[in-house]
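Only one chain comes next, encoded as structure tokens, the form predicted alone.
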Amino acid sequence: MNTHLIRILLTGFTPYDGATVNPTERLMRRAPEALADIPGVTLRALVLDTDYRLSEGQFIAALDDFRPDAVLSFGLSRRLDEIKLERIAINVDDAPLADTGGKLRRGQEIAAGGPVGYRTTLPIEAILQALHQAGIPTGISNHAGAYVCNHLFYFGLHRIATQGLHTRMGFIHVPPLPEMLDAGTERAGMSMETLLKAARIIIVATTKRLDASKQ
């Protein structure tokens, strides 16, 4: 019998752009207890600063210490009303919004001379199907923007590739919580309970693929 526990690192971000709430930070606070019962999995949840450089160091420390089999990174997109599974990370920081450290980056490479992009190594088609079967609004996005979310996504995949690791990694954008939306809006947002349910489904689908690849 295989008693190896699959190590899953979950990451989210602190609030940014003057906000006091980031649903992915709350998700990370809830996940260790709420998702602790997933068979065959050990979880670690990490809240990263929404800061280009600080998030790099925090990610490296967790990667080196925990040595996860997979990294599932979550970030907020205020314009979304569904979960978006990101397909590609691009090698550029280019956003009109400064990070929480005050750094503004326009057209700057993340890794000098690195590949233009990396594809997710999560089974996003299987994840998409599982989320749809659970009735959770979900789609696939072709790239994760050019702010700190994409920065971490690209930085993480580049680190994994250049270190010769076998860790899988992907990025998931989530909608705002209902209480973050303006009064009177027709938008619904997404509740924390639904986000936790989605995270569970994503972890299970990823774990199944990891198990299958080891057989």
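Keep in mind that this is a model prediction, so the values were computed, not measured. Numbers follow the displayed sequence, beginning with 1.
If you look for the form predicted together with a small molecule, you will not find it shown, but the lines that follow are about it.
Looking at L72, you'd find every heavy atom of it more than 4.5 angstroms from the small molecule in the predicted complex. Although the partner is absent here, L76 is a contact residue: one of its heavy atoms lies within 4.5 angstroms of the small molecule in the predicted complex. The small molecule in the predicted complex comes within 4.5 Å of no heavy atom belonging to T11.
The small molecule is not drawn, but in the predicted complex it has a heavy atom within 4.5 Å of N22. Residues of just one listed stretch (22-30, 175-183, 162-170, 38-46) have heavy atoms within 4.5 Å of the small molecule in the predicted complex: 22-30.
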